[in-house]
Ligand SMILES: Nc1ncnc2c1ncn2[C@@H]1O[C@H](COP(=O)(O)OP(=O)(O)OP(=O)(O)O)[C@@H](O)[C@H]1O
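Take a look at this single chain in structure tokens; it is the form predicted alone.
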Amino acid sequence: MATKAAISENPQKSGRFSIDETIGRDSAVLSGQLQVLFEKLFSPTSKKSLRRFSSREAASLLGVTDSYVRHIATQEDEVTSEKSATGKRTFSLDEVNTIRQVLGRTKPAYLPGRRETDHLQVIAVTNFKGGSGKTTTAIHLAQYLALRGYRVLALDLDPQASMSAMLGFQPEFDVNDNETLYGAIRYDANRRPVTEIVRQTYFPGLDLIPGNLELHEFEHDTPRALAARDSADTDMFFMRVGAALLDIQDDYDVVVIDCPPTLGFLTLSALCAATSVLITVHPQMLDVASMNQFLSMTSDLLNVVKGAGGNLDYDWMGYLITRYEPNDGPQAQIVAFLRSLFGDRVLTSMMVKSTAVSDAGLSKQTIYEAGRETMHRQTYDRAVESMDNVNSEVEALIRKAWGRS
């Protein structure tokens, strides 16, 4: 009979193999090739950068006319721009924000961020069904708000860390031990200030707390801490994310949390830190049935957390239909079904399934980063319109929570 060593060394010959060793080898091979691919897309000496915007795009971001943007660019000394080969002005997002500040001197409405009496908005984007568009929703919402002048923190609590990768930090190579939020919420003496974990991104106005597999440690540590009860706050695991955010709340207007695709201690703590919740829903019957289980389990667990002192007072809660195909009859029926049950908690706008979003993702870009010239223009315009409609509806909910029209 062959030994285990022989089996694991020659799985094809024996027909049997050691699963842990095979998975380990596959992981190592895949990790290496991902690094090669990443270096092809972005060389080790370069960083992701945000494209420049035409005067027309800048005007759209600011809510003014194209001609007014060009007028300000020529009249205000502090406003800089560049001219393309065809003589047209282009602006970086920093330059757009400078114009925003100029406009805000005479009309504060051009500055959309928090006022002194406004509380930090913490939006938890969640669902534990894979493929619901959770991370796509979170990253586009964070970038949309930053484009419009809000100070935004993206908090990646998903161990898969797709949000971090999209924002230029590869979790396997750029995020080391104690450099995720786990470092600020862990139970031992290695806990560190959250201010040391926040990273600036290439996207002006958008900072990131990155994620990686280290976040799983919180799920393992919490039961041990609860069992040991060796400190006064070990049973308050659900307050740890919120407590960490308190240290940086004055630095941001909005925090967008990409929650884990599981209903564990980390998700519960994120939900307790949130002021609002956005649940993504793919309009397929299996996904809706899965969401039903998610809602039931979440309600039961949060009820226990509430009884232990957790704060669950939200400004708003919404269901966002994602990956919607307008010509799909069964999807339309499911959307109508959900609206009949949940009313206006289902957002009016829906995230339409688009090849433009997936095409942009191939080069680790969002639809807001990809230029209109990089793909079929009608496809691009439809994707941006759909994304803008969703995010502007969320922005309206934020502003309503602050008491603004």
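Residue indices: 1-based, along the sequence shown. Just so you know, these numbers come straight off a predicted model, no measurement behind them.
The form predicted together with the ligand is left out here; the points below concern that form.
Distance criterion of 4.5 Å from any heavy atom to the ligand in the predicted bound form singles out 353 from the list 364, 70, 339, 353. Out of the listed residues 323, 186, 100, 148, 323 is the one that sits within 4.5 Å of the ligand in the predicted bound form by at least one heavy atom. Heavy atoms within 4.5 Å of the ligand in the predicted bound form belong, among the stretches 187-195, 74-82, 107-115, 152-160, to residues of 152-160. Although the partner is absent here, residue 131 is a contact residue: one of its heavy atoms lies within 4.5 angstroms of the ligand in the predicted bound form. In the predicted bound form, the ligand lies within 4.5 Å of some heavy atom of residue 357. When contacts are judged by a 4.5 Å heavy atom cut-off, residue 261 counts as touching the ligand in the predicted bound form. At the 4.5 Å threshold, heavy atoms of residue 331 stay clear of the ligand in the predicted bound form, well away from it.
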